[in-house]
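Take a look at this one chain, the form predicted on its own, written out in structure tokens.
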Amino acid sequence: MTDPIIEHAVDMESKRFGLKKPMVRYDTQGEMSDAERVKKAMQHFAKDFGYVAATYMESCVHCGICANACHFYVTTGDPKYTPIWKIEPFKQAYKREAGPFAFFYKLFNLKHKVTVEELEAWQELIYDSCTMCGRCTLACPMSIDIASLVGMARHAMFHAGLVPHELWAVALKAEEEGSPLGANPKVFKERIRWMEDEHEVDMYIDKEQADILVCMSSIEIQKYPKSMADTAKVLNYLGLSWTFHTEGYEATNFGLLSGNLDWQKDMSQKIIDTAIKIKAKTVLLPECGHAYQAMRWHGANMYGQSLPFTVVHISEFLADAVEQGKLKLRTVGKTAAFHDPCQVSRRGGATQAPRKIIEALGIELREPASSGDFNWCCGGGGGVITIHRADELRYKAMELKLKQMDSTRAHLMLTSCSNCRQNFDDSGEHLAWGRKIESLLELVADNLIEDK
């Protein structure tokens, strides 16, 4: 079953915009003709035809190695899920319109014009069956960043009005209300006060100046609110100057996931402007993989210059505090398997941070095959978890993930991404897994040694 919070948000937006339930193969937005959709797609494909994209397009040798790196291909065996095939319309447009041999491709029709039918068919491949996890990128012998190319292709698909309607709806909600799941500033503030009372921890909000601006994801605010209290507990334990802020708190960026660069920039700019306003030295990101990608690796591009503060994922922050001897933790004394969030580990480079924390907790980490940078994706990232019609495909991918975790025979199942956690909860229930995955942050907060 789909998570009730996302189900409710999607249903509300579906009623508001008169959207159909996802019974058809593709969804559309706007009243454009087929010719207009193709024209807009081609215009925005062209915007991304820079040197880097061109190099990638020319480098593919069609070896097929990327196929066995993709969880959707491996679990279905369907060749259409081969990663490089997912950007075929993008590649087709490049070869015909912008490549070095474009003249010959046009003259002899070696690459025909992209059609609206192709774009409609490719919607499933670009959105439903790609989490942009980057495992294919890591496997590619030609170092083609296929995940980034899929992200570029989504830019064109959005402007052509060819986005899965649930993903489009939550992205629009985030743009209009500040949060994809209804965690507007009023709701956020109420949640903070609730957690403050329930967990008896001081939680600061809207301070005029603080060294650390703390952001949260809407999934945590709405579904895992204890993470807010636990973040506050750790920061207070360390005696730091910090604050939540109602002008810039939502770390989730559905502009990035849907392919709308303007919306992506708007979401990022709120955090950037708030951090500058309160003179923050650090923006602390929550347990959310795509929040890390959006601000840590895309933030400066959205801002147009280097960010005047440091961006840190919560696992990096905790690991640094452990290494400096500032964070004293009780020994848990169990075994654990850790699911590496793709955007934090493989795409983000923070692979070792959670392992340092796990070691500090006295936990024996049991690494499955293909762990760390080669970890299998949970199948729910990239906005896939919001798309109803992709549920069965997502569950197939999670079967692979659960087998990987179960192979360790560990006591605890841990992760540092709330989106992954939500997918484990939803898919685990659907697949009758019988286990629960836990937050690394919450485990740390529950095992602080108070007498430092």
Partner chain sequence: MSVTLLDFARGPAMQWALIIFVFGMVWRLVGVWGLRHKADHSQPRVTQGVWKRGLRAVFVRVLPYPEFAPKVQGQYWISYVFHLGFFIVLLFFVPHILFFEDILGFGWPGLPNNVIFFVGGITVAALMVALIKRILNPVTRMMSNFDDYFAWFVTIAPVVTGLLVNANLIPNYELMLAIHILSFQLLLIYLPFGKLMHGFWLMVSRWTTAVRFARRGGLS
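The shown structure was predicted, so the numbers you read here are calculated from the model rather than taken from an experiment. Positions refer to the first chain, counted from 1.
What comes next is about the form predicted together with its partner chain, which is not displayed.
For a residue to qualify, one of its non-hydrogen atoms must sit within 4.5 Å of its partner chain in the predicted complex; all three of A54, I84 and E316 qualify.
Heavy atoms of S143 reach within 4.5 Å of its partner chain in the predicted complex, making it an interface residue. Looking at G333, you'd find every heavy atom of it more than 4.5 angstroms from its partner chain in the predicted complex.
Of the heavy atoms in H62, some are within 4.5 Å of its partner chain in the predicted complex. For the chain shown alone, K326 is not a contact residue for its partner chain in the predicted complex, no non-hydrogen atom being within 4.5 angstroms. Listed residues N260, Q293, S268, S129 were compared with its partner chain in the predicted complex; Q293 is the one with a heavy atom within 4.5 Å. Taking a 4.5 Å heavy atom cutoff to its partner chain in the predicted complex, the contact residue among Y94, F244, F158, F188 is Y94. Here the chain stands by itself, but in the predicted complex one stretch of 234 to 242, 268 to 276, 306 to 314, 196 to 204, 306 to 314, has heavy atoms within 4.5 Å of its partner chain. Counting a residue when any of its non-hydrogen atoms is within 4.5 Å of its partner chain in the predicted complex, the hits in 68 to 94 run N68, A69, Y73, V74, P79, K80, T82, I84, W85, Y94.
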